[in-house]
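First, one chain by itself: the form predicted on its own, in structure tokens.
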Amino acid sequence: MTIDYLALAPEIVIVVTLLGVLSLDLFLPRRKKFWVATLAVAGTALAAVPLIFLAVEGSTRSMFDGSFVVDSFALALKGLLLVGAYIVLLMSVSYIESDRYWQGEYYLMILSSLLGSMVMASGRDLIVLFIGLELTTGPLYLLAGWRKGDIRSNEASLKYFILGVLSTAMMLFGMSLLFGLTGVVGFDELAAVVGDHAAEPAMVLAVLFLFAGFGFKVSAVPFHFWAPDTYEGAPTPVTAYLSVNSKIAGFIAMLVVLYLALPDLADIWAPAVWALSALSMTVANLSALRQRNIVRLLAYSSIAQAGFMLVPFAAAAVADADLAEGFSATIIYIAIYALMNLGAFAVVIAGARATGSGEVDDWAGLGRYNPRLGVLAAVFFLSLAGIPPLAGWFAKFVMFRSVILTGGAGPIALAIIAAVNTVIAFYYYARVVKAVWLDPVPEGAEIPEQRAPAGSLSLALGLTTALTVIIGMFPAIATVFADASQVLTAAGG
């Protein structure tokens, strides 16, 4: 069996980095632990070098009998995952140093989770996909409870672990049924034979168990109950990672399996995807209206955004149309969401330090005594709402365009639900901006001394702001993900 080390180079760099982080942490005294963070950040950035080389080289590489494929789709997703992890690490440096956290283990866990996500992007059979997914989520059970002395963090970790193990068991049971019925695990082989078993009750059960497991990974309604408490209890950089990289990994698993392995079973899973999308948007947005804590608000926002992401794919599936357009639109939405949501959480970290609170009401008047942070808050929350010329408008545009092109009663009904929910979401996003810029500073409020964010956090804010504004003004940049997904959609077709 030939191993293509160049194709594996990005993952190899991450493995070397996490081993270096573990080794360095053993020998450095506590006051020198910042070198561990420096190595983690530098190693993540370095992993992009072979990724760029592979993208320029342009060929598709396959290993392990087609189980691990490096094509333009995999490279685009790995690039997005690396950017997301890099920004999260920048957000983490000053945050983790500010309290008595175990720093070496923290960066080891983040890098291990990143490695799993990158493996998933290239996985083309159920076994590789499952290994990657569990390597992605396993470290997050520990990271959710990283604030050891905080009972809310302990509760967050416990809830996430119990429900995560349950969802893993359901997913694995569904995969075992698929293998038992077909005798194969590769996506191409599954696509060729699952249609012969479509009428069997065991096949329906396999698809439903798989779907339930994926629903938990992307925190979609009704599998979302863990998300608000886990997001609030976990350290904020971990919450940012959960809402972006972990969610991207879950969507990779769901979409690739449905599109490549189970297209002939769309009659079974298409109505479920439609319902998942509609419920996630509606239930999460209505719940977000009542939130006063900004992290919990963003937790419900993340659940609602999962529903928006699924709209194009669900619309194409229920209309029995070509899934390629819906697949590409969903990938574009995921990429734009990742960038603006990371920026929103970076603002939450900086805003909590500037106000001493994470409550919306306590951010009243923030723009008056910290205008730079006020502008950044407006940029990211209005982008999440889809206001031009920020990147979020293009995500919404691509979503609605895809549904309109699909046509049909089911897709149009879903588009109407999405339109109503877009208005609802605008209300609670705008409420944060209103508090920051229009509400007066509360009487008697003690405003902490205003200091510029730490250098690493400032860099994270700068990167996410630049990407959000530039993509909003030049949206053709985001279509690189649609172009990359054509390789996968061609294979699926």
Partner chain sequence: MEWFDTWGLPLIVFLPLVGALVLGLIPKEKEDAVKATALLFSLVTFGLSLVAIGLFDFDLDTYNTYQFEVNTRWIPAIDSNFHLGVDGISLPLLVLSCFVTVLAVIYSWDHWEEPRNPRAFLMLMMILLTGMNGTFVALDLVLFFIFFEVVLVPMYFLIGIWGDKAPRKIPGFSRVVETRLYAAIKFFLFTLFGSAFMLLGFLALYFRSGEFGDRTFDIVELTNLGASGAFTGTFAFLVFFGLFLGFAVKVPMWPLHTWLPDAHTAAPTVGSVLLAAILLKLGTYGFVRISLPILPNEAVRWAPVIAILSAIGIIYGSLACLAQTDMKRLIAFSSVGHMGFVMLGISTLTDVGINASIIGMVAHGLITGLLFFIAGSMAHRYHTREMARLGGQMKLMPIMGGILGFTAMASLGLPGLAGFWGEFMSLVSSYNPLDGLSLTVFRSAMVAGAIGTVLTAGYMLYMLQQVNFGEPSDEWVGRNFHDVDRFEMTAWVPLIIFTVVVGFYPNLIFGVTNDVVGSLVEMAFQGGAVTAGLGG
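Residue numbers count along the first chain shown, from 1. Just so it is clear, the structure is predicted and the values come from calculations on it, not from any experiment.
Separately, the form predicted together with its partner chain exists; it is not shown, and the next lines address it.
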Give a yes or no on whether each residue among Ala144, Lys159 and Phe211 has a heavy atom within 4.5 Å of its partner chain in the model of the complex.
no
The unique member of Ala413, Ile404, Leu163, Ala169 whose heavy atoms fall within 4.5 Å of its partner chain in the model of the complex
Ile404
Using a 4.5 Å heavy atom cut-off, which residue among Ile387, Val295, Val119, Val318 comes into contact with its partner chain in the model of the complex?
Ile387
Touches its partner chain in the model of the complex: Phe223 (any heavy atom, 4.5 Å):
no
Check whether Val56 has any heavy atom within 4.5 Å of a heavy atom of its partner chain in the model of the complex, and answer yes or no.
no
Can you tell me whether Leu438 touches its partner chain? I mean in the model of the complex, with a 4.5 angstroms heavy atom cut-off.
yes
Is Phe400 one of the residues lying within 4.5 Å of its partner chain in the model of the complex, judged by heavy atom distances?
yes
Heavy atoms within 4.5 Å of its partner chain in the model of the complex: which stretch in 457-465, 429-437, 32-40, 47-55 meets that?
429-437
Any residue of 471-485 with a heavy atom within 4.5 Å of its partner chain in the model of the complex counts; write them all down in order.
Met473, Phe474, Pro475, Ala476, Thr479
